[in-house]
Every structure is written in C-alpha cells, then in structure tokens.
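Given next, in structure tokens, is a single chain: the form predicted on its own.
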C-alpha cells in the first residue's frame, strides 16, 4: 500500500512509539487520526503536524461507543480509513503474591488486559467493518493494513509481568487468526513485538538501570529508538507480502530470568 494520501489511525499516537509513528507517516504524506487519552499532548501533535492532515480525538479504546463516535469524526474529515497502528497500551509490574503477603489486585489485571488486548481488538473490529464497506479502486489490490503492538514480554515475561505478558501474548495470539479471516476482505494484519525502547517511561529510570539494560542487549547494545519502530511500520504498510507475522524488534535481546 502506498502511504501518501492514505488515512491511518494511530492509537496512543500522542506519545512514545505512537507519536513517532504519527510524525513519520505524516512526513510521508499520510493523513493521521490520533486516538489517545492525553488531550494536552494530542493537541500539541495536531499543531506540530498541521490540522489539515492531522486530527486528534480523546478516546477510551476499551469503550465501543467512544471508538465509534471517534471514527465518525475521522470519516467526516478524511472520508476513508486505510489502516490502524495500535500503540495504545499500559504497563503494570506486580507479583501475584508479594513478599509481604499482598496479592495482585484483580482490577489491575483486568485493566491491563482491557486496554492492551480488548482495546486493540475493539478498534480493529470496528475499523475493519468500515474498510470492508469502502469502495475499492480498480488499480489497488489491498483495502487496508493493521499493525498491532505486542512485546517480547509476550514470550519471555519477567517476574511481576503476569498481567502485561498475558495481554501481549493475547495480541500475538490474535495475529494469525485475523490475518486468515481478513484475507477475504483484502486486509493485512501484522504485529510488532518491541524490546526495550527509549520512551518517556524509560527516561525516568536512573542511569545505572539504563546502563544495565543497554549492556543486556546483544547488538546494538542500546535501547531501540522510536524512529526504528516507525520505520518498521512503514515497511509493513508498503510491503504487501508480509501478512500474519509477529516481528521482534529488540536487538536480539532475550529476557533472562531475574
């Protein structure tokens, strides 16, 4: 799929990996519709990229009505939707049973799965319906592209990552079934499983912790740059033959038991 002139929804597009992806696709001529809970950051991104080709909507991706209303606004401005990059997500680090005897709150586990897994599915199902009903030009084979974000924690979760790993494993598990189903709709879907990336959350760590993380990554021995995630999104959109894949983006990092 050619990116120029197409419209892409980026969930979590006001910060981190989503923000850099919004910037990169916009630089390639795409229309960007950002779904995010951070209204202040969202407005700033629209100012940065230009309101003619960028739009922000404050959305809780776990709520059907919230997403539906947002998609109506997107279609009113850009007329069609051609893909989604799902970057919205939350992290939680807590043992099932802590050393002091406290147990993992069920509502915390539920919230992580709701946002990372169910929220991702909610956006995809509603947008897939829209793309399937859109008119297809005669000279274009595919109608849409979806990119989901998992994590290497889906494969090598650490102590305290039960909720996060479960949610990201679910994203991995959805990839192939949806790729097979969407084939008849001429829609592709792939998943990126990032390792450790330079995001605002990581930036809050002490330098000793950052050095320790960098030393654990085989090559290059550094954290991933959000631009590298965005470049992979570009390739997954443009390369029509990549479908149903989960691609690790981690510098060959394999999380060891802590």
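Residue numbers count along the first chain shown, from 1. What you are looking at is a predicted structure, and each value in this text was computed from that prediction instead of being measured.
This protein has a second form, the form predicted in complex with a further copy of the same chain, left out of what is shown; the following refers to that one.
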* Looking at a further copy of the same chain in the predicted bound form, is some heavy atom of each of 166, 196 and 224 within 4.5 Å of it? -> yes
Interface check vs a further copy of the same chain in the predicted bound form: of 74, 88, 117, 147, the one with a heavy atom inside 4.5 Å is 117
**Asked** Do residue 218 and a further copy of the same chain share at least one heavy atom pair within 4.5 Å in the predicted bound form?
**Response** yes
At 4.5 Å between heavy atoms, is residue 244 in contact with a further copy of the same chain in the predicted bound form? yes
| Contact label in the predicted bound form: residue 232 to a further copy of the same chain, heavy atom within 4.5 Å | yes
- Message: Residue-level contact is defined here as any heavy atom of the residue lying within 4.5 Å of a further copy of the same chain in the predicted bound form; does residue 2 satisfy this criterion?
- Response: no
Taking a further copy of the same chain in the predicted bound form and a 4.5 Å non-hydrogen atom cutoff, the residues of 157 to 174 making contact are 157, 158, 159, 160, 161, 162, 165, 166, 169, 170, 173, 174
